[in-house]
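Next up is one chain by itself, shown in structure tokens, the form predicted alone.
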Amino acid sequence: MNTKYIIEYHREAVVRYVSHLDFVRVMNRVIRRAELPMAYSEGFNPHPLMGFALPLSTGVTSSCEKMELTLKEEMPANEFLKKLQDNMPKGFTVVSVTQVPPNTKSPIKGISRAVYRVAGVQEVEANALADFMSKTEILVDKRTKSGIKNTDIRQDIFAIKQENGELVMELSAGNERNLKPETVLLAMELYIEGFSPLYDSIHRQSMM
């Protein structure tokens, strides 16, 4: 019987420019090398049954990535974990494997928020940041499925704070609404006098 597992992994700086599609190819190679009893889709071109909580933007690192893999037979989680750890390339670190109970909604389906840490960004005066967050409307050019549109992103920003020289942002994330930290930085440039959107790195800290 098919059994689903949630894999949690880190994506480090050395692989931050690997695209999501390239990572899918990486996982296909890992599955073959590890000789996992994967469940496959039906049809003319079968592929391993895998899903991702929220594809990571190219250039962003993470310590909270989650994916779902389906095996055609049950395997102890610790054995599954070791097989992945032994075959993952440098830069992708698998930290846990958890079996999903039968007839249970996948934990990766309900994600709606993510927390990002933006390093190397200009420090913002507390009053200026508070004024930015007090606005009821924040308009900025945002890339959508139908092209770049001037969009109100205020409802997708839940919190922004400065911590240890970084900007920490809690933003909408998921299939229905998704806001990237880079877009927030561009909005801050528009609404905060003298602010520069330049940064050194972005790290996804958590998803919920």
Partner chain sequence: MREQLLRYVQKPTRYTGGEWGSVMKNKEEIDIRFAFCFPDTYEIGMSYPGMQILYFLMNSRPDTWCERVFAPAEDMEALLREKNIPLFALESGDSVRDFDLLGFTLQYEMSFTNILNMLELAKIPLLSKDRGEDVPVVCAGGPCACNPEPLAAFIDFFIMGEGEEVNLEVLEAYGAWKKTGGTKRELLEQLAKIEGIYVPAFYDVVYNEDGTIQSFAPNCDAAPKRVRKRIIKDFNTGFTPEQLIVPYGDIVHDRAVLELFRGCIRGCRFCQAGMLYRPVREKTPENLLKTAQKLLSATGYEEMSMSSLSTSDYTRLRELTDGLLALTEPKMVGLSLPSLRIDNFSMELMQRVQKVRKSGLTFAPEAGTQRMRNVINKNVTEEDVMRSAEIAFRGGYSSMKLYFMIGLPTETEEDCRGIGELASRVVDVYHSIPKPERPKGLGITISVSSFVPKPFTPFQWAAQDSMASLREKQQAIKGSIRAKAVRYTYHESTVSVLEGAFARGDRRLGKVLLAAHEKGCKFDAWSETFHPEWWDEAFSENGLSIDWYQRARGLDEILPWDFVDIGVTKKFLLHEYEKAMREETTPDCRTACAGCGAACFGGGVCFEH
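Positions refer to the first chain, counted from 1. Here the structure is a predicted model, which is why all the values come from computation and not from measurement.
There is also a form predicted together with the partner chain; it is not shown, and the following applies to it.
- Using a 4.5 angstroms heavy atom cutoff to the partner chain in the predicted bound form, all of Val26, Arg29 and Met88 count as contacting.
- Contact check for Val15: a heavy atom falls within 4.5 Å of the partner chain in the predicted bound form.
- In the predicted bound form, at least one heavy atom of Asp200 sits within 4.5 Å of the partner chain.
- In the predicted bound form, the partner chain stays beyond 4.5 Å of every heavy atom belonging to Phe80.
- Put simply, Arg33 is close to the partner chain in the predicted bound form: some heavy atom of it is within 4.5 Å.
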